[in-house]
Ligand SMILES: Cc1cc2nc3c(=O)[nH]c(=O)nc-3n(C[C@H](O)[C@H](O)[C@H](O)COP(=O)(O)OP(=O)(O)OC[C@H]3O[C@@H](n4cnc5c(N)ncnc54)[C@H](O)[C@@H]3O)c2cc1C
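Shown next as structure tokens: one chain only, the form predicted alone.
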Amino acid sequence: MSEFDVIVIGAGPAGSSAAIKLAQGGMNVLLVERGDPPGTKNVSGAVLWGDELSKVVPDWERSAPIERYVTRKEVAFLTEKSKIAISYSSQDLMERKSGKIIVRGKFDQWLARKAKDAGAMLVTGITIDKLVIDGGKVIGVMQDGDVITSDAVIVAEGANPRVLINSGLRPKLSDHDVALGIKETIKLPENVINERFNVDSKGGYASEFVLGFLDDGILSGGFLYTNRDTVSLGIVASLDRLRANGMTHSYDIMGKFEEHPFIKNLIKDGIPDEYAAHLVPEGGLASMPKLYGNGYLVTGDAAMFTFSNGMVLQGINYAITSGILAAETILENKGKISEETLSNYVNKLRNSYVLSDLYTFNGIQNVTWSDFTQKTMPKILDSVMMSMFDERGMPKKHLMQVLSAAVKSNGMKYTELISSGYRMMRKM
């Protein structure tokens, strides 16, 4: 007889959500987290979009450590001296509370406590080495030579899937599977944040950036989120471009981002409080491991469940949803766990937005990580805007003439712009 009905590896949003659902269903659950406390190894900014958590914690917003609600959302291209942005502000965003700005260190601890309160056994500071497989079936986990048995295991270990790799259930990560995320938390007084970002005490600012000013072939995005009395500032850089460059380091990119003329004033007089690095899933369907097997399921970042189309970055909601669906699959098949019964997990994912979105936007990384998006577009947009807004006493031109000149000055044919723009819009 197994020691536990289910062992959940990882007490992030996916793992804790799964543990809550399982415990509510009367299962004997062990939730294991290598961080002590949960959230200490996480670097996410972060914005939690949607209300998926209410499926397991109906009144979660009353007690969750939410920093602010997104009322200003931006997407911006940065060149060396310019910022070209799409900015959206809405009272409806505040009323709907669609985007919740959180600090993962606080949020993960809170959610893990919810799992414990629901009846799961929470053990922190423990690193699981691999899954234990006997006769082709996962029967538990191994930690420092000791075996802990269970009827099923949910793998929610995050973007660096050591357990799956060590268990022979997925290949080692390539540079195309993940990007490198760096985040710095900077302390600023709450009133200063409110004034600089034009928000009230409950409203928040969230922005993603294309860092088009970087040299030597480096590709990177950036993000900035306002917490209550801190700002989360970070980058997400292409690993294969970093490796190919060989000379540029992640801290070089972070330093240039911090010193950009349209960033440095936003964090002026701030006090650095935290600095961390983390892998970020970027490979999409091509990087996804097998999501189920005889006795195990894979959720959250470990399953590569993240979404980015250049306008919106999401992952926490996908983690929560996949964790809940994994738990539902096990609950529905209690006492008859097999590869066949657990395969219904994939059907649930397909019927949700999780796999639906990944299929709809399959290959989007070829757009978001392209030289056209990261290098050419910022320069063209900058040229167009400068031509339109700079008055030099010369005859004015129609927008199409301005655009054509900007395209030509940046070494691109107009037909190439149309073709690349069409491909980008189709994927986005």
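Note that residue numbering follows the sequence shown and begins at 1. Computed from a predicted model, the values in this text were never measured in an experiment.
Just so you know, the form predicted together with the ligand exists too; it's not on screen, but the next bit is about it.
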Partner-contacting position among 387, 42, 365, 376 - heavy atom within 4.5 Å of the ligand in the predicted complex
42
May I ask you to choose, among 263, 199, 313, 76, the residue with a heavy atom within 4.5 Å of the ligand in the predicted complex?
313
On the criterion of a non-hydrogen atom at 4.5 angstroms or closer, are 177, 288 and 297 all touching the ligand in the predicted complex?
no
Is it the case that residue 127, even though its partner is missing from this view, gets within 4.5 Å of the ligand in the predicted complex, heavy atoms only?
yes
I'd like to know if residue 278 sits close to the ligand in the predicted complex, meaning any non-hydrogen atom pair within 4.5 angstroms.
yes
If we define contact as a non-hydrogen atom of the residue within 4.5 angstroms of the partner, is residue 14 a contact of the ligand in the predicted complex?
yes
Report whether the minimum heavy atom distance between residue 306 and the ligand in the predicted complex is within 4.5 Å.
yes
When the ligand is placed as it is in the predicted complex, which of 84 to 92, 151 to 159, 324 to 332, 288 to 296 ends up with heavy atoms within 4.5 Å of it?
151 to 159
With the partner left out here, which residues of 89 to 108 have a non-hydrogen atom within 4.5 Å of the ligand in the predicted complex?
104
